[in-house]
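Consider the single chain below, provided in structure tokens and representing the form predicted on its own.
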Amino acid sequence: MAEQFYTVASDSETTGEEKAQQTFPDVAIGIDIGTSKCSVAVWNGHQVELLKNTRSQKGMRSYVMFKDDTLSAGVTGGATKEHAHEERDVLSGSAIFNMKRLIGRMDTDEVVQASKTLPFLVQTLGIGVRPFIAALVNNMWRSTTPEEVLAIFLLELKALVEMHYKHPVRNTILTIPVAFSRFQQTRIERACAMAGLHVLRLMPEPTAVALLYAQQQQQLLHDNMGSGIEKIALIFNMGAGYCDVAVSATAGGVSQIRALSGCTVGGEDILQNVMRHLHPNFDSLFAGHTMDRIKSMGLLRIATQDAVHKLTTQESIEINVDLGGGQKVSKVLGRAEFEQVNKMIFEECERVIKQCLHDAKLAPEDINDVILVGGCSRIPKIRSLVLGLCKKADSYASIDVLEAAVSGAALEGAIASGVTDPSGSLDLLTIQATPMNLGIRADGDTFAAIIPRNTAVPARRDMLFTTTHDNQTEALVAVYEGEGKQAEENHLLGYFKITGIPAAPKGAVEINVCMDIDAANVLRVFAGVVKPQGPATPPFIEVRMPTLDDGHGWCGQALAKMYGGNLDLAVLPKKLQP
């Protein structure tokens, strides 16, 4: 076994404060792996504590540096100020970042295609497999995977926590975007396992914020400052990689997620749009990953990041950057021009908010509080957009925009670990919801949703299907997740066959497909013949999803090519009661 990074101090070596911390050695830590920054927090016995790295930073850059034969992550950022990773080092091709955007995605994904302009190597074949990713080490591209990069980062984060608390860390609550597919979730869990972490729960980021909000409302009630009536909050979370919206109803420490909605737009897309606006030949200029082009790409990215940040407080910013090779960018960028360049992103944010309000069956006037979190929530246009749609003059001010998600994850970690608090700070419950529809392929290529999105978890739903051919003895159950009306528009999670179906005219056999999501968000699919019954009827099949690994992008096409419509199912008009 490899030598552990932590040391366990004896009682004689610990102070009274350290002993108090060791009272809760098995409390799960909360981790918020952001696209650009990460943070970690833990319940220390009386409150949530955000940990700082050796450079006294709570928010740590989400990257891993490949340099010579050594690896170092943004957790330490180079460990000391003397050896700190400068921004140019991170953008030199030797560092991999944006792991959260890339993990679990196929090379045909739009997000992966857009990542080809990053300063490290992202190659695709366009056939629905995992993209090829590599970092520049000693003038040679070294291949890796998003899972491996994330595992290295988490390993360093785990060591930081263990050094701080002087005891091993095993369990964690991780926040994830609403738009994460179940395949991406399994990839996150795999990366955690590689780092020696056991995931108790993957928590959608706005759900974690809702839990923190519930605790604050509960505390107000205890302090005789709250009314105790149900409060409706709209939570808008937008970071570098994703945009999430949730509507929660909170009363008495119980927070129920009424609706969830999300999309894959974020600060990275804003950054890419501005870079293309500043340099019209952006795509052709950075098509190849030569050393000089990587350097130019890094310089333009640094200047653009600085401009976007300053435009949150300034009306205009002057950009002057020499990209080398005779390429220069000199421009005054105004806030109005910036907003026009990113008009489509803001429209997508508006769509997600309206969708969430519609799903929750609420009008803007029903919202009590608007909670803005994530780095992009500081952009004036986004702030005014959200508040305008909710008809509010200002947002909820008692939550830190960058610390809310990880704080909620730490609270969930304490609750899931069985910790109790005399003051009632942990007397909380969050009723989560499914962010996407879950169903199977039926009636040709139609997506038949069995568990609709925004169904409270745990959940169990059934639907009846029948055969589409006379004397059909086998049926293919292909499980999908998503919002598309056609099966191929959604994420294929897995498939299996029902065999031994009694020979009968088409439509005479009834097949029940049941989907079950437990409290840990594990999806199981049960399927079998319910009519006709008899000794020859095959037993039900139980399958845990997802079952697919790499190459899941072309599995659906392969299934269609091999079986055609021979094993199709059709939806019966009647359904079993849940």
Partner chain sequence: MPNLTTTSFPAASGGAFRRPAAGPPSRTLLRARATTARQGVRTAEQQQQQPTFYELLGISAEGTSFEDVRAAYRRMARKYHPDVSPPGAAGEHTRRFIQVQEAYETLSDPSRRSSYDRALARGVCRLAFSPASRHHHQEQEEMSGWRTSWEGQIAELKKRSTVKDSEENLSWGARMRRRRAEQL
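Quick caveat: nothing in here was measured; it's all calculated off a predicted structure. Residue numbers count along the first chain shown, from 1.
Not pictured, yet referred to below: the form predicted in complex with its partner chain.
Interface residue among 162, 107, 189, 462 relative to its partner chain in the model of the complex, by the heavy atom within 4.5 Å criterion: 462. Of the residues 485, 506, 198, 222, just one reaches its partner chain in the model of the complex with a heavy atom at 4.5 Å or closer; this is 485. Contact with its partner chain, judged by heavy atoms within 4.5 Å in the model of the complex, is confined among 430 to 438, 495 to 503, 372 to 380, 168 to 176 to 430 to 438. The putative spot formed by 53, 63 and 348 is not touched by its partner chain in the model of the complex; no residue has a non-hydrogen atom within 4.5 angstroms of it.
Its partner chain in the model of the complex is approached by residue 358, whose closest heavy atom lies within 4.5 angstroms of it. Within this chain, residue 147 is remote from the site of its partner chain in the model of the complex, having no heavy atom within 4.5 Å. In the model of the complex, at least one heavy atom of residue 447 sits within 4.5 Å of its partner chain. In the model of the complex, residue 193 stays away from its partner chain, with no heavy atom inside 4.5 Å. Taking its partner chain as positioned in the model of the complex, the residues of 242 to 268 that bring a heavy atom within 4.5 Å of it are, in sequence order, 251, 252, 253, 254, 256, 258.
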